[in-house]
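Next comes just one chain, in structure tokens: the form predicted on its own.
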Amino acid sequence: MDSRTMWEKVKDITRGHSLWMLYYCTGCGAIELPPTMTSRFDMERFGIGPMATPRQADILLVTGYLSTKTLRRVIYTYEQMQSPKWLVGFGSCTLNGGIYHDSYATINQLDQYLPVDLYLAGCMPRPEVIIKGFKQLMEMIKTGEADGWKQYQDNREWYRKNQKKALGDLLYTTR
């Protein structure tokens, strides 16, 4: 049963129509973003556009494998974003580390450290898959299903424990 108030439902519907995306390009998957944004696929026709800073963005798109050093920066970026915010894991690397899955320096499951609202399958996901995934995320936002930012607030200690386990003292350093 949907426990959202009428006002929350209206806000979710309007939020789902205009999404500003910040992409954190950590791997080769980012090569599929320019064709998705340009005239052939034109993701802006769906209300999704790129943003320059985390404080203006609604979506954080992580496009590749994460090293431990990169994970720290992704966490900082996510925490700078205003709520509500959504995280999209792009390609197999964010789910299982991709071809670097057995490296000591690679993070294999992004959702252990930050709440991923949607994974886009593939290595590398094609523009059609990216558009379909964003449309699915928009529907999830409208219906209130995409609530990773609430999970992050409610389970902050669990996420922090996992972050500290992977990063140790790197999590709290400023360099």
Partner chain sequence: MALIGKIVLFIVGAFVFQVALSGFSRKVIARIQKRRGPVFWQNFYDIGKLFFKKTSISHGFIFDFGVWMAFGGTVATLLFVPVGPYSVFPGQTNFIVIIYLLAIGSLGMAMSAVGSANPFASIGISRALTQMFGYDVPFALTVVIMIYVHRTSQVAKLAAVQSDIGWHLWVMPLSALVAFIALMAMLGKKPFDTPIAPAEIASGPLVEYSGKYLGMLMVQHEFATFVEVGLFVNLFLGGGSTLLIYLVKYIIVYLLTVIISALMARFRVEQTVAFFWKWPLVLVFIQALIIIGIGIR
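Positions refer to the first chain, counted from 1. No experiment lies behind these values; they were computed from the predicted model shown.
Unshown form predicted together with its partner chain; subsequent notes refer to it.
Note on contacts: among Ile107, Met124, Ala57, Leu118, the single residue with a heavy atom within 4.5 Å of its partner chain in the predicted bound form is Ala57. Shown alone, this chain has one stretch from 61-69, 126-134, 109-117, 42-50 that lies within 4.5 Å of its partner chain in the predicted bound form by heavy atoms: 42-50. Using a 4.5 angstroms threshold between heavy atoms, Trp20 counts as touching its partner chain in the predicted bound form.
In the predicted bound form, Lys11 approaches its partner chain with a heavy atom inside 4.5 Å. Proximity of Lys164 to its partner chain in the predicted bound form: non-hydrogen atoms within 4.5 Å are absent; the residue sits far from the partner. Contact annotation: Arg160 falls outside 4.5 Å of its partner chain in the predicted bound form, judged by heavy atom distances. In the predicted bound form, Trp149 is the single residue of 143-166 with at least one heavy atom within 4.5 Å of its partner chain.
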